[in-house]
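Here we start with a single chain on its own, the form predicted alone, put down as structure tokens.
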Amino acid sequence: MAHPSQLGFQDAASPVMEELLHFHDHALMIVFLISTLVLYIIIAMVSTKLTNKYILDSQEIEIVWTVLPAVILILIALPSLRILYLMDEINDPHLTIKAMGHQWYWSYEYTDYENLGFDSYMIPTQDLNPGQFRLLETDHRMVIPMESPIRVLVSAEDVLHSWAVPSLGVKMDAVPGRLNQTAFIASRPGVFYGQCSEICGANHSFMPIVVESVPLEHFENWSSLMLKDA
């Protein structure tokens, strides 16, 4: 999860997020190179006493400053489109979960099970246990098996919400009357935090998302206990 004075992204916990981090670094290096070149040209032109009488009528310069930006845009666009299609890919999900946004909490339904669903409310600050995070902890976590393709169907009951977990590289709008879907694979066990990312009213800041990734055996034990309690 994020920590104070953090400059970069959260550690990736899914293959898609790893690709997004690599693309971010790739694009950032291009921005650094462009900034360095432009800064060098500005300093050179301001500091030199020499002038070029053909500077305003040079075919070579015009060709360079037309072709070079086009090549740079292609170098950015191709990997970006690749990741865009990867994020839309949903390959034979092992588990489907329906996430419904409400004012101001989330409810989850495990649609592969007959009667497995629960509401997920933020734990108030005064009820937190030592080590739990303020405004991020919930009374029921969305538990998933690690290294398994998970499909999440996202919708809302009342107003616009957005189901987002940065470390998994997932962000999907929850629109009333519309069913959106996204997919991810948690590549390691852990607890991953997110928040509603669409302004949805007075308590928008108080509807966190907690995804707990566990080994398949632990997930089966958890689901059995939840079905018994239902």
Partner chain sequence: MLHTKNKTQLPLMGILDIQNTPCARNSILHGAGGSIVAGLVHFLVTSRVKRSFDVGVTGFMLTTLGSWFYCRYNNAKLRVQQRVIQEGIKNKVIYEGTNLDPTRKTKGDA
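Just so you know, these numbers come straight off a predicted model, no measurement behind them. Numbering follows the first chain given and starts at 1.
The same protein also exists as the form predicted together with its partner chain; that form is not shown, yet it is the one meant from here on.
- In plain terms, the part of the chain that comes close to its partner chain in the predicted bound form, with a heavy atom within 4.5 Å, is 34-42 out of 158-166, 176-184, 53-61, 34-42.
- Note on the partner interface in the predicted bound form: the residue among L75, I83, L153, L135 having a heavy atom within 4.5 angstroms of its partner chain is L75.
- At a distance threshold of 4.5 angstroms between non-hydrogen atoms, E212 is out of contact with its partner chain in the predicted bound form.
- Residue contact with its partner chain in the predicted bound form: S224 places no heavy atom within 4.5 Å of it.
- Contact between N203 and its partner chain in the predicted bound form is not found at the 4.5 Å heavy atom cutoff.
- When contacts are judged by a 4.5 Å heavy atom cut-off, S47 counts as touching its partner chain in the predicted bound form.
- The candidate spot formed by S5, E18 and E147 lies fully in contact with its partner chain in the predicted bound form, as each residue has a heavy atom within 4.5 Å of it.
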